[in-house]
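The chain below stands alone and is given as structure tokens, in the form predicted alone.
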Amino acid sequence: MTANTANTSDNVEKFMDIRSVALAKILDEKGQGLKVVGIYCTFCPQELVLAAGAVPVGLCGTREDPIPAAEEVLPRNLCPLIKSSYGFALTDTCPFFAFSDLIVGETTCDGKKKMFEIMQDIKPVHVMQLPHQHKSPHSFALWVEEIRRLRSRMEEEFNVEIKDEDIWKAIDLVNREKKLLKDICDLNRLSPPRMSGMELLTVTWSSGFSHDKEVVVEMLEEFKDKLESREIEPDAAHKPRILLTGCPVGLGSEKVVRLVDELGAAVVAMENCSGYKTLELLTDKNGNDPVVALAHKYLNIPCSCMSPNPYRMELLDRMIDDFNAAAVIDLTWQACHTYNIESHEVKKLVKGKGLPFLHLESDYSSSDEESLKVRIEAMLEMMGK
């Protein structure tokens, strides 16, 4: 291992430590009045949380451990992401949930919105009613009002006034963070790619757990500099380049990313909402109303709950070319109907570009790892690896 590679690996380790560092900081400052807002989806405008003087933390469940407890309340044939999220809350095993003063949910799917109803027995929950059409003026008007409603709820809960000037400052900070994340992800367009799939996942996913976004921005700037000078083994250029799309993936539900790495290929890009999906969407700072500006940004997120959802196909089409993907893997968590059905359109897009396509449906358990490995390996052999 070269010195540059070692230094970059050290920087990846720093992202793995973000959660523990953030927890220590939050614990230290809770007694001084710090407010924490737990969020489950990229549709929650973090800028409002920051403008309220609170800390936004990701709560989306990515581990199997709490699912058995959740199944005592929720149906077993429900999406593992929903069961994991609720299970952590029910068993009080997620410290970020325990520290949260307010939970913000959204109606991206029927399972989540019903889960949030029963979660209110544990913590205060605010659910944003998400319209499912990008272009409709009525949808946009509704979404603007939903963001205003969240603003009022946080002002009431935290006894603060959320000023427009503070929202604009938070918008600038989040824009900087998103731009840096995109710049880092885009370094994997190079051959050989600058990060392995697991490194890419660690950096993009872990960034959402910081106690201080200014600190994350500094970490991302340092990491980007290290990556740009990172020395990569020339043989890495010959690894098959895989684009991963589909449901959210995080540490704990990373088995497909890990298997691709272990089988000698490279996940060079992840379109998932825990990856690249939102990184192009910066808030326009030229308007007069920051809430309207936020509504424009967040309503454009190409989640499969949107109907129709053309931007996701446009984004995938560009990403396949930009990252020179040799194949696409579409990962759907069991019972995620919108992503499962939309996989049909993804397949048409990928096949139309003459590339191999593999649709995997799984859950958070390790019971199917061997079968997943066989299917991924078969695709790679077909590609001539």
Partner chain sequence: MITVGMDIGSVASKGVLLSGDKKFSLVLPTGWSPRDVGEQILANLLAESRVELEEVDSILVTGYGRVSFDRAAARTVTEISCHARGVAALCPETGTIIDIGGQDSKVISINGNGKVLDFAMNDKCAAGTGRFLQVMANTLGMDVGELAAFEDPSAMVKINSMCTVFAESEIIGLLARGSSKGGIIAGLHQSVGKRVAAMTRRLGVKEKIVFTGGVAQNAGVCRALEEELKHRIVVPEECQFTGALGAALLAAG
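Just so we're clear, the structure is a prediction, and the values are computed from it rather than from any experiment. Positions refer to the first chain, counted from 1.
The form predicted in complex with the partner chain is left out here; the points below concern that form.
Heavy atoms within 4.5 Å of the partner chain in the model of the complex belong, among the stretches 320 to 328, 60 to 68, 30 to 38, 347 to 355, to residues of 347 to 355. Although the partner is absent from the chain shown here, none of A335, H337 and S366 has a heavy atom within 4.5 Å of the partner chain in the model of the complex. Shown alone here, S20 lies farther than 4.5 Å from the partner chain in the model of the complex, counting heavy atoms only. When contacts are judged by a 4.5 Å heavy atom cut-off, E370 counts as touching the partner chain in the model of the complex. The partner chain is not shown here, but in the model of the complex it comes within 4.5 Å of a heavy atom of R375.
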